[in-house]
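What follows is a single chain, given as structure tokens, in the form predicted alone.
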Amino acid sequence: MSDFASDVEKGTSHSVSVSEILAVRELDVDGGTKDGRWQKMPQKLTEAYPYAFTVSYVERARQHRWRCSDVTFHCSEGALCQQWIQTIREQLTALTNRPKHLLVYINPYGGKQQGKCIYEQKVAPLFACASISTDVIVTENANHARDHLKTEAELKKYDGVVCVGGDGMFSEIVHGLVSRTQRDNGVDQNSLEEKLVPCTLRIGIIPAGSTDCICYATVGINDPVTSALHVIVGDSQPMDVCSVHHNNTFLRYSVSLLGYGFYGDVLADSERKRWMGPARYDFSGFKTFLTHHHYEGAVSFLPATDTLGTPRDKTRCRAGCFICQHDGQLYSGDSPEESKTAPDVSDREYEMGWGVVRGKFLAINAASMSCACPRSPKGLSPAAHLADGTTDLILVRKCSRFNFLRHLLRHTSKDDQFDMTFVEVHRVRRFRFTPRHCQNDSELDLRENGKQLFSQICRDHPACSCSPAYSSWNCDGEILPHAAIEVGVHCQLIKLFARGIEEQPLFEDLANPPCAL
């Protein structure tokens, strides 16, 4: 090894998987790299080893953060240096899961309006280092990315789609990509009985919004550099998608939360207070908690009886999740449960394997993932899985304001948030909700009927505290126009440039981080 040296501290041993090497580049004798970067090297080292190359690789830090680190190797012979460079590049070329050409959408208005700056300063240099070419589109209005993906984008040119923004931007990408895939394959999205075709292109999320729950739940941190590195190494994380229908008409897709009652009211109120900025969520949440409205109706659901996990077990969805692998494979075929249609709520309970729950509810939530975020590290359903073909249906019945506060506070504590008499949770494949006041009115439209009914109540009882008849559905941060909906889960319909949250104990000891060949 006398002809080979590195700038790594002497006496330490380092290793890194080839799959986590980002790039290799040659250095000139004077310390500059072939790609124009400059690096100062000791004069004695350059005299003894005049040839050098630098390897960029993934280094793990605390709290699931990834960063790009470099190690430089010096050689006494030019042929040996070239041989190492060529060998490493051949190994990287053999990694077929890595993207080479990406379509990037940047939302310049989301969050703190830093999307363009974040991409140009933190992400673009990493893509360039990894020799990834990009076509960048800065969106000009709402649904720009969705409509472009549905109609104009030449998807065959790309290995993936990257969105720079928040959860709203990600939702646009999902709707555009899924809708385009179904159209190209002749699938009718208006039919809940149709089996949707999975998307072939992976989606990358560069967090730059006011809420980045999807990124947090799939990577473990909202950090643009970490997310960009997951894209570069070509990670792949399958993910379930829920389709929401009303009267055999497709409304929206959901990947995280569907919330009726409390979370729907919070969103509806916050939309009227956009002038307050991000503070509107806290204000609307407090206001909605004080109003303490409940809503009456019936929830029918098809339980996922053949899955390994349950909503109340302690198994969290992590990288390489066995439950997602097992249940995803189990449900990827034609399950007999798929053909079971939802019974009318007038039918007897539990007909055809469906369960029916009637009552007055403060909240009806369907969590397709944990819905964890920095302010609620556990999320709404800590044991929910990303790719097992189910969603966790959480029913919070009418209770005292104090008990409801106890339930909300448990989202931030270690206590079981479902261990309350007024809370029940079911892992389901499909569900349907019918408000009490429209069980015989399949054409309910909240924009018309609900508004008329509520205004009539206000006119007749201006000083009373009557609850409104209907709430709104919060679908991943968007308000649905109908209260009566039917929801189906489509197993592993999309894939992200992610690998799930890695078990942190594996990387707690950073005294000797992996950083070389």
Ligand SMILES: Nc1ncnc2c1ncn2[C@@H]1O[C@H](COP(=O)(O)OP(=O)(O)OP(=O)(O)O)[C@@H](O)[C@H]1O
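Every value quoted in this text rests on a predicted model; they were computed, and no experiment measured them. One-based numbering along the sequence shown.
Quick note: we don't show the form predicted in complex with this ligand, though the next part is all about it.
Here the chain stands alone, but in the model of the complex its contact with this ligand, taken as any heavy atom within 4.5 Å, falls in 165-173 among 165-173, 296-304, 78-86, 234-242. Proximity of residue 110 to this ligand in the model of the complex: non-hydrogen atoms within 4.5 Å are present. Put simply, residue 140 is close to this ligand in the model of the complex: some heavy atom of it is within 4.5 Å.
By the criterion of a heavy atom within 4.5 Å, residue 274 is counted among the residues contacting this ligand in the model of the complex.
When this ligand is considered in the model of the complex, residue 210 lines it closely, a heavy atom lying within 4.5 Å. Of the residues given (398, 280, 100, 148), 280 alone sits with a heavy atom within 4.5 Å of this ligand in the model of the complex.
Although this ligand is not shown here, in the model of the complex the stretch 471-498 places heavy atoms of just one residue, 478, within 4.5 Å of it.
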